[in-house]
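So this first bit is one chain, no partners, the form predicted alone, shown in structure tokens.
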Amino acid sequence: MPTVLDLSLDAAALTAALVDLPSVSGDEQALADAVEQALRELPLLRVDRYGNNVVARTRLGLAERVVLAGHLDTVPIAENLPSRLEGERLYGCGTTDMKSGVAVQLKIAYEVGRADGASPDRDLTFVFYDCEEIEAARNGLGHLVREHPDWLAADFAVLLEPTDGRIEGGCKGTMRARITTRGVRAHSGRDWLGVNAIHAASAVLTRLAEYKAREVEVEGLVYRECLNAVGVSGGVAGNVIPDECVVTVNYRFAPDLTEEQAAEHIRAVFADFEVEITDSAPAAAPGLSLPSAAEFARVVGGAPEAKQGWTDVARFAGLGVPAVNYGPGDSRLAHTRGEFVEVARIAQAVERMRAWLGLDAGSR
């Protein structure tokens, strides 16, 4: 039978229900179905679906619209389901990344979508999407950007990725490239007749080891760039001198660079090698000086930090929608076997969202 989500549960119990419905990347349909069904029961929301991506919107005619967004998928399960509550920590796959954030979205949607719900001071769009944890081409938010950008139109967006209750502005871009060295194949017993491509790759690795990454300040936040080998492949057989070796590198670049400039930088670093850019996603500037972002930062409190990874705030930035990362999970625990979220952080995120949106306990 289809899973039924009870949005009246407290946020921690709702998180546990979401976690207990597995949704590894590419297998999110059951969770998307449950989210869609729960939202369609709220009469004051318009609900649309594209693939396993669900978008719900208020239509109050207010002057400003903000997005609360989160992905439904998780990394592969690591013997960490079902969820379990130990003291004030909820353990399980996706608790921190990012089903606790999705629970916050759903709690706010439940509060404003009921017939007798509370009135926000901004119109709201709730976005739930698939395939965030895998290659960019399959990312559900990317599909919505291309096919239904009107569903995402807004003045500001909050992506409820794990930040441990702090605001993280913008994000670094990410780019992968294949650096190829070539040789001449020969019998390993007569190596003087060949040229070993794997040995030639040592120059690539040395260059990476000696690389000095930039630290770049953008709108008052400092982003630390990274350039690393993330894979090496080569070899034909145990008795053959290999004629090809590929070092895959990952460049995490600051928001002062475009994707084109980042690609130029990789090619410059490896100017004497064969370089192929294989995957890329843009960076995003913080945008914290904008009124909506500044008000959100005031409500959340604390000093905003730079997002040192990549998140889908970049996709919103590409649409001209400023966005920040804010969620109850701790990114240091994401993708780990012992992944957990602090129950208090989930409740805190709900209350901060309510305060920012001007929600009250009264009816419409």
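Keep in mind that this is a model prediction, so the values were computed, not measured. Here, rigid core means the biggest group of C-alpha atoms that superpose within 1.5 Å across both forms. The first residue of the sequence shown is number 1, and the count goes up from there.
Another form, the form predicted together with another copy of the chain, is not on view; read the next lines as being about it.
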Note which of 278, 289, 188, 261 lies within 4.5 Å of another copy of the chain in the predicted bound form, where distance is taken over heavy atoms; exactly one does. 188
Between the options 115, 209, 294, 77, which residue brings a heavy atom to within 4.5 Å of another copy of the chain in the predicted bound form? 209
Distance check, residue 242 to another copy of the chain in the predicted bound form, heavy atom within 4.5 Å: yes
Verify the contact flag for residue 267: yes if a non-hydrogen atom of it lies within 4.5 Å of a non-hydrogen atom of another copy of the chain in the predicted bound form, no if not. no
Can residue 205 be called a contact residue for another copy of the chain in the predicted bound form at 4.5 Å between heavy atoms? yes
Any chance residue 231 has a heavy atom within 4.5 Å of another copy of the chain in the predicted bound form? yes
If contact means any heavy atom within 4.5 Å, which of 169-177, 81-89, 152-160, 101-109 contacts another copy of the chain in the predicted bound form? 169-177
Across 81-108, the residues having a non-hydrogen atom within 4.5 Å of another copy of the chain in the predicted bound form turn out to be none
Verify the C-alpha shift of residue 234 between the shown form and the other one: is it 2 Å or more after superposing the core? yes
After a core superposition, would you say residue 142 shifts its C-alpha by at least 2 Å between the shown form and the other one? no
Aligning on the rigid core, do we see the C-alpha of residue 214 shift 2 angstroms or more between the shown form and the other one? yes
